[in-house]
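Starting off, we have a lone chain in the form predicted alone, written out as structure tokens.
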Amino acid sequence: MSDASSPVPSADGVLDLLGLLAYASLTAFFRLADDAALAISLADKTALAEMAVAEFGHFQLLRRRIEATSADPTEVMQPFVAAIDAFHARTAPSDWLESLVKAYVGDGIAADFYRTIAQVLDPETRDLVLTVLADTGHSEFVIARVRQAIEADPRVAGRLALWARRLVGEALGQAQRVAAEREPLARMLAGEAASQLGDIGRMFARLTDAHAARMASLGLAD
């Protein structure tokens, strides 16, 4: 966490992070709504619809925070539309199980990355970021459904493990591209975050450990 002697993230860097998370939350809402439509059982449709509503609520929180800075949410989100849309285009799932793993593994490592950056923010902004990155119940839902699928057909595990590895590579690549294209975010990561959170290599090692734990919870070999 920041203190009086720590570098203060620039306003532009914070606004970039809020815009990035806002558009990510909005796209998560659409994806979960699509997943709900694909679900077979009524219980699964209901659960996914509730998660979609939660993601839209996160988007609204971020939009209001951006508006409170007198910025236009659409303009703040716009720089991240192409990168996020391209990521989802490259990682379009071929079936419902792949869509569940994508939401849990791909989105999970991205959320871990943003939670790490959030530690250098002011307390109010940090709390907001942690709130919108909180699990909406998707983890428990995905773990149960994926494990059920593997139990029914163990051959599914290998395919989903390969898919998960691809997702992680794409997610980390997306984070690097966004940071490279947005100087305020890059400064916040390489400057304030590095100085307060330690070596960047150790930070990514922690992300990798968290990913391994997710894979284990799904019953997938990494």
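If you're wondering where the values come from, they're calculated on a predicted model, not measured in any experiment. Numbers follow the displayed sequence, beginning with 1.
Another form exists, predicted in complex with another copy of the chain; not displayed. Remarks below refer to it.
Note on contacts: among 91, 139, 119, 74, the single residue with a heavy atom within 4.5 Å of another copy of the chain in the model of the complex is 74. Of the residues 177, 159, 187, 45, just one reaches another copy of the chain in the model of the complex with a heavy atom at 4.5 Å or closer; this is 45. Contact between residue 29 and another copy of the chain in the model of the complex is found at the 4.5 Å heavy atom cutoff.
Residue contact with another copy of the chain in the model of the complex: residue 170 places no heavy atom within 4.5 Å of it.
In the model of the complex, residue 60 approaches another copy of the chain with a heavy atom inside 4.5 Å. Residue 68 falls outside the set of residues with a heavy atom inside 4.5 Å of another copy of the chain in the model of the complex.
Not one of 109, 113 and 130 places a heavy atom within 4.5 Å of another copy of the chain in the model of the complex. Only one segment in the set 120 to 128, 97 to 105, 74 to 82, 147 to 155 has residues whose heavy atoms sit within 4.5 Å of another copy of the chain in the model of the complex; it is 74 to 82.
Using a 4.5 Å cut-off on any heavy atom, the residues of 36 to 65 that reach another copy of the chain in the model of the complex are, in sequence order, 36, 37, 42, 45, 46, 49, 50, 52, 53, 56, 59, 60, 63.
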